[in-house]
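One chain comes next, on its own, written out as C-alpha cells in the form predicted alone.
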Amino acid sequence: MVTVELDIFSGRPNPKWTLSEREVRQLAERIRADPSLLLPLDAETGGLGYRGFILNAEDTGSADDWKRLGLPSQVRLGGRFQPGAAESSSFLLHTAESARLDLKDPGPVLGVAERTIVETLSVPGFAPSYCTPAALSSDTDFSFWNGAAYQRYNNCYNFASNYRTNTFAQPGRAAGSMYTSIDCGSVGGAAERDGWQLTCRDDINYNVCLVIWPNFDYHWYRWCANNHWCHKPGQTAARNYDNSNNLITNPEAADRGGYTIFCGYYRGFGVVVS
C-alpha cells in the first residue's frame, strides 16, 4: 500500500491519501522508466508552499509493483527544484481528486500545488537531459576537490570528468588535439576526442554539460546526487549553486553570468583528461 503526502504545509499536517493498485502500478512504471524521479527524504525541494510529494510504502504482505521493483519504503518525488518530475508530479496530484482528504476545502490547496508544478516547467530553457544509469557523486561533500593541495590546480573540466589531475585539464589535451577556438563546436569536439559522447552509454553515465562565454571561456557542469548540478569555477571551490546562490536543478536556466551559450549535454565515464 502506497500513501502519498502532499508536502505543502508548514504548521498543519500535510494532506495524505492512499493510491489504488492501478495508480501504484502506473507510478511504479514511471519510476522504472526514470529512477532519477526519486529523491531522498532530506532532499531540498522548495521552501514555503509546495515542496513535492512524500511517498510511504507499507508492506502489507502482498506482492505489489512497488515491492517487485525494490523501491524504498519512504522517498520523495517532485518539488519546486525538480522540473524533470513535473509530469509525474501532475499525475500524483490528480490522484488526490478522487481521494478523501482531511481538508474542508482542498481545491485551493491543490490549485497552489498545480500552479507551482506548471511554473517549474516555465523556467527558461528546457528540462535537463539525463542518461541512466547515472553515476552520481555527493551534491554537498566536495572535500575531494576543495582541499588546499588541489583546489587551485583543478578546474571545471576536471570536476566534470571527476578526474583530479592537478593540471588544470583542458578539453582535447589528453587526446593530443585541444580546442582551437572558444565555441561549442571546437570545445565540445575536443571533449569528444577525449572520450565524451553525445549519446547515452549502456552501462553507466556521468551527465555533464558545456556552456560558453563567447570568445573568452568555457565551463562545465556535472549532475550530482539529489538532482542538483554541481561545478567548480576555475580555481575556486566546487559547489552546487549558481551566481544567484540558487541550487542548480537546471543548468540551462541557472544564473551563469557571462557564459550565455548553452552548448549541450555530454556523456562519459572513466574519461581520461589532462
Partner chain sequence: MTPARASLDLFSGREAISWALSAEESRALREAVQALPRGSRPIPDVGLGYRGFEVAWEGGAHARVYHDVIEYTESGRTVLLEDSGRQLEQRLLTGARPHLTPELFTAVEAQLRSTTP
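Numbering follows the first chain given and starts at 1. From a predicted model like this one, the values you see are computed outputs, not experimental measurements.
Below, we refer to the form predicted in complex with its partner chain, which is not included among the displayed structures.
By the criterion of a heavy atom within 4.5 Å, T180 is excluded from the residues contacting its partner chain in the model of the complex. With a 4.5 Å cutoff on heavy atoms, D34 does not count as touching its partner chain in the model of the complex; it lies far away.
Taking the partner from the other structure, its partner chain in the model of the complex has no heavy atom within 4.5 Å of any heavy atom of H94. Taking non-hydrogen atoms only, R239 approaches its partner chain to within 4.5 angstroms in the model of the complex. Proximity to its partner chain in the model of the complex, defined as a heavy atom within 4.5 Å, holds among L77, I117, C156, A191 only for C156. Remark: none of the three candidate residues (S186, N250 and G264) comes within 4.5 Å of its partner chain in the model of the complex, counting heavy atoms only. Only one segment in the set 239-247, 51-59, 34-42, 201-209 has any non-hydrogen atom within 4.5 angstroms of its partner chain in the model of the complex, and it is 239-247.
For the partner-free chain shown, N243, R256, Y259 of 242-272 come within 4.5 angstroms of its partner chain in the model of the complex, judged by any non-hydrogen atom.
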